[in-house]
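Below you will find one chain, with nothing else, as structure tokens; this is the form predicted alone, and questions on how it binds or moves follow later.
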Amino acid sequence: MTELRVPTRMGDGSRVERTRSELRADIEAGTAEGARRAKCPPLDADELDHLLDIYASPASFTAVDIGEQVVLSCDGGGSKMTGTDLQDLLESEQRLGQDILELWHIEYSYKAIKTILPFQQQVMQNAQLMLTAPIQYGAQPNLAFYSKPDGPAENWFELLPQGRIAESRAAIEEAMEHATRDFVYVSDGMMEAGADGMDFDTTGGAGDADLLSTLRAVEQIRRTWPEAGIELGMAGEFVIGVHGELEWKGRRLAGMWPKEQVEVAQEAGATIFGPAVNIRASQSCAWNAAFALTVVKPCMEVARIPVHPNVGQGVCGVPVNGYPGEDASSRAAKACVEILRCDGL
């Protein structure tokens, strides 16, 4: 008897069809690859069955049961055109049901925000008067912005191919000092303006130094603002060793997977951790979800702070597409909540 084929998607968002057996094979391959790479156990049989049921459903949209909803935080948000628009924040709160809002600016890096901090402080004050939900301020660390020609440090991405390792590491370390100061400066300003917390989005995007400069800032912010919320969201599933020798309290950062990432984040003083697992565009969304759940699951076992997996564009099973289909996005979110038992998204 011919198996029924159900519509699903690839990691690039394209529509394809799979039989239940083919989806099962994708899921088993995804969890096996995740376990191999992260050196962790694969999903167990019940989890594989549950994930298969989610992805084998022909429904155009899926969701968790009533009462099983989780907290929704965000990086960016609203129209994605301008996070300084109060109308965006109102819509995020009242129409989209966002639980933790984020004020942001289109120049989404702390280095750029430093130059317009008074303007952003005024917007934060206005937003706090108009909205009820907690509002954090967010931007990306973007350590690479501190290298020439945009920043003061030598460009290590030019030095490294030349084999100038010592000079590259010195440039990275110089950039880290500038970056941490900017992160703390902006955070102090926004907290003084009434922000409920800070978000460090896409942490580690420029490698281990990007993560370390952020951890140092989080530690300082926690000392100054003990009641602040601090969300630390990652750029990918493992930390790239651009410097290679950097450590946090004796732990080497390069090569860390979500389990180790959440440990250093909570040690530094973060209150929400956002693991991110990059999508493989050539694999199905079912494969990608299995891979993501496998590498994030050990994180859930050691976390002492809420974990909000990033289910935005191109991560944790959501296609890398400007407008990912709601069928794929909702399945990724449902899988994170029901299988990982995460605290939020």
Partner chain sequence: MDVTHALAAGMGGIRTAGDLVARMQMSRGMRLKEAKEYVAGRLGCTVRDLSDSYAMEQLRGELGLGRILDHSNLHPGAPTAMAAKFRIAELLGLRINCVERFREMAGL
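The shown structure was predicted, so the numbers you read here are calculated from the model rather than taken from an experiment. Residue numbers count along the first chain shown, from 1.
In what follows, reference is made to the form predicted in complex with the partner chain, a form of this protein that is not presented.
J.: With the partner chain left out of view, choose which of V320, C40, L52, I305 has a non-hydrogen atom within 4.5 angstroms of it in the predicted complex.
T.: Exactly one listed residue reaches within 4.5 Å, namely I305.
J.: Which listed residue (A29, L48, A35, M300) meets the criterion of a heavy atom within 4.5 Å of the partner chain in the predicted complex?
T.: Exactly one residue meets the criterion: M300.
J.: Want to guess which of 142-150, 115-123, 177-185, 88-96 is within 4.5 Å of the partner chain in the predicted complex, heavy atoms only?
T.: One stretch meets the cut-off, namely 88-96.
J.: Is it the case that I272, S329 and D343 all touch the partner chain in the predicted complex, with a non-hydrogen atom of each within 4.5 angstroms?
T.: Heavy-atom distance to the partner chain in the predicted complex: all three under 4.5 Å.
J.: Using 4.5 Å between non-hydrogen atoms, is V64 touching the partner chain in the predicted complex?
T.: V64: contacts the partner chain in the predicted complex.
J.: My question is simply whether A133 lines the interface with the partner chain in the predicted complex - judged by any non-hydrogen atom within 4.5 Å.
T.: Contact check for A133: yes, within 4.5 Å of the partner chain in the predicted complex.
J.: Is W257 one of the residues lying within 4.5 Å of the partner chain in the predicted complex, judged by heavy atom distances?
T.: No, no contact at 4.5 Å.
J.: Would V71 show up as a contact with the partner chain in the predicted complex if we use heavy atoms at 4.5 Å?
T.: Although the partner chain is absent here, V71 would touch it in the predicted complex, with heavy atoms inside 4.5 Å.
J.: If you apply a 4.5 angstroms heavy atom cut-off, which residues in 310-334 are near the partner chain in the predicted complex?
T.: In sequence order, V311, G312, Q313, V318, P324, E326, S329, S330, A333 come within 4.5 Å of the partner.
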